[in-house]
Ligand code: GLU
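In structure tokens, the next block holds one chain alone, the form predicted alone.
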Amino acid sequence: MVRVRFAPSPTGFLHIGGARTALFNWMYAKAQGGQFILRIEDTDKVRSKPEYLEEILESMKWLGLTWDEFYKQSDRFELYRQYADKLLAEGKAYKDGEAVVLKVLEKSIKIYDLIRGEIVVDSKEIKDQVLMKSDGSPTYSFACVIDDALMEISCVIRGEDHISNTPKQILIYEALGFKLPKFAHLPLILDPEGGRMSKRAGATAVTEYRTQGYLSQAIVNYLMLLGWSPGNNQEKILMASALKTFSIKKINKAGAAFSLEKLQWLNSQYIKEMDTAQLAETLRPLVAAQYPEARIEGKELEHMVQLYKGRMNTLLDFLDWTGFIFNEQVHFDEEVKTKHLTQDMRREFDLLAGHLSAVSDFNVKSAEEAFRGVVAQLGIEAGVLVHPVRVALTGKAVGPGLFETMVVLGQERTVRRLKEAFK
């Protein structure tokens, strides 16, 4: 059976690179009808923190990367000690003070990488390997080999920064008499200029993308495209379809450039295609947190969502677009205000306010009829009034249809803001 693992260390939050490694392991397992194991490598007693572990688990669940088995290396220290003692007894390792060290024998080490092909390393380049540290904790490679062997991991899929660890680990496999798994080393995620990822370029925790208003489906979709392609220049792809064509051997060797613009575009596509009611429920807690005084009844939020979903790149965009609804006072961009509300249009606004307040059934059609009536009465082009009115109501120069905006804002507040615009 195909068995793969993702093995993060709880010494920091789950970042995009780690999430992509987890995703490709999970996809490989699901595509092959295998199992996905989550192993927490918490042997660093000082740097491992429970809050990091909690965040890693929560981010994995949010991304939909559920696991079949769960292990923590901190529960397995006695096991590592037993295997170190075995190597000492067999003369394959020796003690240097309190540390147990593996004797490295001269030989040619061959690695067949599913992505990169054959890699050959001369063991002369590798010094004797510490297996157990003086504090009684195992080194990364020793614990990793024992766990991968005992957990029957059939393929080790990890970042290419681990290529240098692989020949060292093969020596440990052979010393312990364990069967070697297959190996696949994923390309690094690069910044848009081709350099190593930094926070500025997007190397932030999955949690940050979540709080910035990205959907988990969009994050997963984008991570898929960093090193692998479903073919036919397809960019938006659902997981069920991706699993039908996914192959670890089709992952690129070259590093994949991270583009925040591409991620935002994908996120906007998922938002646009999301059921309005479902999107409204996704947004409801964000609205409640941002505007705790807001009272949203019935399908009011759905109406707002329907109006703005086509303009959203992230969920936070909705809060920005609809601030004029939830805030009692309009917050103006000074440049917009200077451009559209400098000329005194008190007469035009008062006339429009009067027409709108006289409407008995306030809807898009009746609001537009009232507006057209004022334009005709004043003998002006509609465009002369549209932009100043939009800015007075929303604080923004652009947005959805003006009359739809009036209806979402409500008759009473629309009239009041028109009357107060030039005070």
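These figures come from a predicted structure and were not determined experimentally. From 1 onward, residues are counted along the sequence shown.
There is another form of this protein, the form predicted in complex with glutamic acid, and it is not shown here; the text below is about that form.
Only one of 246, 332, 178, 140 comes within 4.5 Å of glutamic acid in the predicted bound form through a heavy atom, and that residue is 140. 162 is the sole member of 262, 162, 210, 236 with a non-hydrogen atom lying within 4.5 angstroms of glutamic acid in the predicted bound form. The stretch that touches glutamic acid in the predicted bound form, counting heavy atoms within 4.5 Å, is 140-148, out of 140-148, 216-224, 286-294, 238-246. In the predicted bound form, glutamic acid lies farther than 4.5 Å from every heavy atom of residue 368. Residue contact check for residue 7: one or more of its heavy atoms lie within 4.5 Å of glutamic acid in the predicted bound form.
Residue contact with glutamic acid in the predicted bound form: residue 55 places no heavy atom within 4.5 Å of it.
Of the heavy atoms in residue 158, some are within 4.5 Å of glutamic acid in the predicted bound form. Counting a residue when any of its non-hydrogen atoms is within 4.5 Å of glutamic acid in the predicted bound form, the one hit in 31-56 is 41.
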